[in-house]
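Take a look at this single chain, the form predicted alone, given in structure tokens.
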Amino acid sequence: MKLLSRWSGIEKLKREKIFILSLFLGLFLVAFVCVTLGNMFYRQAEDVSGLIDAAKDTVVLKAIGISISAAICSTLIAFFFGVPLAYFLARKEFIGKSIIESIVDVPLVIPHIVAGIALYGVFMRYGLIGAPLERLGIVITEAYLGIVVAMLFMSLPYLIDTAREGFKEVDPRLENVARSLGASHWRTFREITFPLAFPSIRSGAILSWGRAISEFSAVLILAYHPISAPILIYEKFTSFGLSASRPISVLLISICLVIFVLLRTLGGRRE
């Protein structure tokens, strides 16, 4: 018993050392982010009036509103189409599965400016998809829909990949038990599979939204107007420098940070 207790104490000590080392290494990246953003907030604190002016500027507020709402739209579209695809990829093995997964992940590896050019070639007024939509009176380029399309293309892998891993963590035996008790496939998915995978799906949706709202290059090519927040910040920086672009940047980061904290907090309480 003494040997067993001593061995247990040694293993516990080893685990604690691993946890401390993990924390130390992880804090390096946390500090990297905090120092980078903290410096921006610190510099802006020297010019509070500039931040107040930015918060009152209707152009700035409109640009931020466009970015937030377009990111929400793109995330909802990715959720509606991406979650079924993620479930299918998690549960089925078939020839060409790796190809589909690779296609889904392509937006992660190509330069964003290249993605914008590719989207523009398809959705411009004479493009493969843009031309038929033009005849229906739907314009993608230089329009709000163009911002949503660009954001969707760049952010969809985050939701699909995370949701797929969430579905993989759900034990298929639970689904089989529900089916054996007479539940339909849809009821099993609705009441067992989806709720158990929802924490991962929610995390993927938050990441997808965050990635969408930060998109710049693809939006710049496909829909420069109406002006979204990243493009407005770019315009201010190239025309007037840091003094004009930093207040808008701080305002946008602050709003996104509050939204992220609320989503994470509410999600944690529900779990």
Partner chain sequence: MIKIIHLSKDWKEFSLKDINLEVKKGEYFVILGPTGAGKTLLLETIAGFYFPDSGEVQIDGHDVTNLPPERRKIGFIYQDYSLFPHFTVEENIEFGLKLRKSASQDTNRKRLEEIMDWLNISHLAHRYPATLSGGEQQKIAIARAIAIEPSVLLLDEPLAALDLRTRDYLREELKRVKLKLGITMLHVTHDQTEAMVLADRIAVMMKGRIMQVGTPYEIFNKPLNEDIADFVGVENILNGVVGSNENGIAEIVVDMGYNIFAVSDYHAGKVKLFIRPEDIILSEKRGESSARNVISAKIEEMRDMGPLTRVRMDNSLVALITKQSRESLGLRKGDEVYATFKATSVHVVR
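Residue numbers count along the first chain shown, from 1. Predicted model only: the values in this text are computed from it and were never measured.
Keep in mind the form predicted in complex with the partner chain is missing from the figure; the text below concerns it.
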message = Check D105 for me: does it contact the partner chain in the predicted complex (non-hydrogen atoms, 4.5 angstroms)?
response = no
inquiry  = Please determine whether L174 contacts the partner chain in the predicted complex, using a 4.5 Å cut-off between heavy atoms.
reply    = yes
ask   = Does the 4.5 Å heavy atom contact test between G96 and the partner chain in the predicted complex come out positive?
value = no
request  = Answer for R125 alone: is it within 4.5 Å of the partner chain in the predicted complex, judged on heavy atom distances?
outcome  = no
ask   = Residues in which of 187-195, 141-149, 97-105, 82-90 have heavy atoms within 4.5 Å of the partner chain in the predicted complex?
value = 187-195
